[in-house]
Every structure is written in C-alpha cells, then in structure tokens.
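Encoded as structure tokens, the following chain is the form predicted alone, with no partner shown.
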C-alpha cells in the first residue's frame, strides 16, 4: 500500500483503519481526511449511538430501560453515508448533535444490548463497503474491529479539546470542558466496551498538529501496509 494524498488502500482485500479517542481530539476530521486520501469509505460509529438516542427520545421511551431503547433502535433503519447520518432515509446529522442528545448519548451507549445491536450494524456497514474503511469511535480497535490493520488512538490536552469543541458549539469553553470531562468519565468507566486504548494502537497527540499534519502522520503509518 502507498501512503500520501495519491495513495490507496490495498485493492481486493479487507483493510481497516481504526481511529479511537475521546471527544475533541479530531477523530472525524482526521478519519475523513485519511479515508479521502486512501479512496475508501469513512464511518463515524458515534453517530449510530446518537441516532439511537434520538430515536428513543422521539419515541419517549425510558432511556435507562434497555429493552425499550433496543426495541426503538431495532425498529429503525439507520445508515451512514458520506458523512450523513440517516434514520429512515432522513438526514438527522444536525438533530443528533443537539445538547439534548449529547446529554443522553453516554447513558444510552452504556446499554450492553444496544451496543451489541449497533456493533453488528457497523460490521455490516463495512462489509457493504467492500471490507475497506476508516472507522472512528471509542471502541473500534478493542471491540468493533479488533483485527483492524492499523489502530490509532488520538489524544489532546484538555484545554485544546475544549477549545476545539467550543468552536463547533454555542456553549462556552468552560461548559464544554465540563461536558467533555463528564463524558470521558462515563465512557471510560462503563462496564461494556469502555473507552480504552488498544494494546497495539499507535498514540498520536493532536494538540500541536494541524488537521493536515495529523492526516499525513496516519498516512505514513498506512504506508507500511503493502
């Protein structure tokens, strides 16, 4: 495989780049950039959990009731294409990023049955894209695709993460940092599929990297596969 802007993933075989890390480290920007450079698909698995939370909230189910949340999610057609999260064919990309959904997504994501359901759908997504893709989330290298060809775990200093996320939202930096800390704790301590670094993941601190620089660093790692 060749890296760089003109590179492409090995043709005719499965090739997965797993990108994990907490919020505000640049997972989505990096994953999309790497996928574009490699000419393969990109999947934001977090969008699936946000969509499941949105569906459950629309159906007014008890978000702590696993059976009710699973029933709502299982009955919905969820898909992710070209950076757009779809529920029943409707673009919900903006709706799943509201404060209301963000406040509940960690609680919904901790439900073991729901994770099992959505991991199955995420694996089906990869299969439908020829087994090749750049997949981002919080448990990709440990649970969703533990056999990924390349595993990357992104980090960044707390103040950098908060400033980046605040730039995407209307909340102030202090409020965003508090929310990121809350989600970090919930996602890292949940009993099922916690946010942890895979043993064989390469750690990249994006605090001082530009988006383009981070993409190039991962592409250099990809260049080792041929």
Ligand code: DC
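Numbering follows the first chain given and starts at 1. Quick caveat, the model's predicted, so the values are computed rather than measured.
Below, we refer to the form predicted in complex with the named molecule, which is not included among the displayed structures.
Although the partner is absent from this view, residue 161 stays clear of the named molecule in the predicted bound form, with no non-hydrogen atom inside 4.5 angstroms. Not displayed here, the named molecule is kept clear of residue 132 by more than 4.5 Å at the level of heavy atoms in the predicted bound form. With a 4.5 Å cutoff on heavy atoms, residue 121 does not count as touching the named molecule in the predicted bound form; it lies far away. Contact check for residue 151: no non-hydrogen atom falls within 4.5 Å of the named molecule in the predicted bound form. None of 197-205, 32-40, 62-70, 46-54 except one has non-hydrogen atoms within 4.5 angstroms of the named molecule in the predicted bound form; the exception is 46-54. When the named molecule is considered in the predicted bound form, only one residue from 117, 92, 105, 126 comes within 4.5 Å through any heavy atom, namely 105. Contacts to the named molecule in the predicted bound form (heavy atom within 4.5 Å) from stretch 187-202: 187, 190.
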